[in-house]
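A lone chain, given as structure tokens: the form predicted alone.
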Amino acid sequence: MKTAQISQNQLLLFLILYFYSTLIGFAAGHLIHLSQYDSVIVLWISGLVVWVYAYFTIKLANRRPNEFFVHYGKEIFPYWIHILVMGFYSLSFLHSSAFVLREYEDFIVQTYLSETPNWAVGGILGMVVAITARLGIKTLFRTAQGLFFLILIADLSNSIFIGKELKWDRWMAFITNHSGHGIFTGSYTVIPFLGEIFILVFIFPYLTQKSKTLKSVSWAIVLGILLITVNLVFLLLLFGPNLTNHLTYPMLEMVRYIRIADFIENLDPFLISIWSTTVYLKISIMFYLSVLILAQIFRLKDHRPLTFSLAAAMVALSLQMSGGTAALTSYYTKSWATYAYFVEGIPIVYLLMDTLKRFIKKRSAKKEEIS
């Protein structure tokens, strides 16, 4: 299995879109429901916590920078435990890609293609994701690099044209309306979204200039949160927290407010199609990691033979998930965050165990020298 090369610039742009995709598209209403005007505070608290987490994750990866986590993990934990953990990760990434795919299926069917079955939308996007994964991770990051500025221009244009609709007198609420409970519950929910930065431990050998990875991640966190913050502030100024909470897709409703003179209206299909590419990127990286880990577990030289079969499983899994936006929202509010903390915390356990083993080994070596 050849090692591709991903530049730090590509990593930076990809992570910004990765953070932006589902958090702004599917979870914005839920975040505002939990934290209301404290949503901005919640985002930056979460960013600080995730930076600390990213530091320890990168520290683990830097100890064996040219080896894959699936391969060297057996040096930290017993082989059979490590294989079980990696099998769990492969299934977890497959489930995550299927879950985001199901969210996107419901969004497209409910909003634009009411007569189209979910399997048609899922099948088409699943085929695109499978082809992307088959082409390799370098293609995925180059795609993100090419799409980033188009997405940025679309988002900035949305912000400019929606400005005249905002109720600027709501600004004072960002200063006066605070709730400790809202900040805590919002942070507990948002940290796992950003905490998906742990995927770096699986793709670290692909990176060039590995010593600059923490710097790239730091900028990605700052710029990604800044981009999300602007959109959340505009949502709160336009709709207020109560109305936003009752909208299934608040960002879509905000986009529909855009009117350019009297001859350009209904820009939402164009802008939503651009945003959809960020969702495609997130599904693709999750799916690719599932395929990559499985190929490495079975010591295959090439991951490509697994792509189409696992893509079919991803689409089938997305169709079998509990239907409806309400069910997906319930999963987010009741169990997803706790599950995500468990999944994202495993690399820290590996780091602690590796540090302990190194400490014991050094201590034993010193005793032998003295004796």
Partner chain sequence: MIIIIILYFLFTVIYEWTYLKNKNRKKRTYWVVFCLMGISFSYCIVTVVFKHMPSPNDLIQFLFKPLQQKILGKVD
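Positions refer to the first chain, counted from 1. Computed from a predicted model, the values in this text were never measured in an experiment.
There is another form of this protein, the form predicted together with the partner chain, and it is not shown here; the text below is about that form.
Participant: Quick one: does T185 come within 4.5 Å of the partner chain in the predicted complex, counting heavy atoms only?
Facilitator: Residue-level check for T185: yes, a contact with the partner chain.
Participant: Using heavy atoms and a 4.5 Å limit, would one call R64 a contact residue for the partner chain in the predicted complex?
Facilitator: Answer no; every heavy atom of R64 is more than 4.5 Å from the partner chain in the predicted complex.
Participant: With the partner left out here, check for me: in the predicted complex, does some heavy atom of F298 sit within 4.5 Å of the partner chain?
Facilitator: Contact check for F298: yes, within 4.5 Å of the partner chain in the predicted complex.
Participant: Flag A27 as yes or no: does it have a non-hydrogen atom within 4.5 angstroms of any non-hydrogen atom of the partner chain in the predicted complex?
Facilitator: Flag for A27 set to no.
Participant: Just give me the single entry in M127, V230, L156, L84 that has a non-hydrogen atom within 4.5 angstroms of the partner chain in the predicted complex.
Facilitator: It is M127.
Participant: Which of A313, V49, I346, I41 has a heavy atom within 4.5 Å of the partner chain in the predicted complex?
Facilitator: The option sitting close enough to the partner is A313.
Participant: Going through 284-307 from first to last, which residues have a non-hydrogen atom within 4.5 Å of the partner chain in the predicted complex?
Facilitator: Residues within 4.5 Å: L294, F298, R299, L300, K301, D302, R304, P305, L306.
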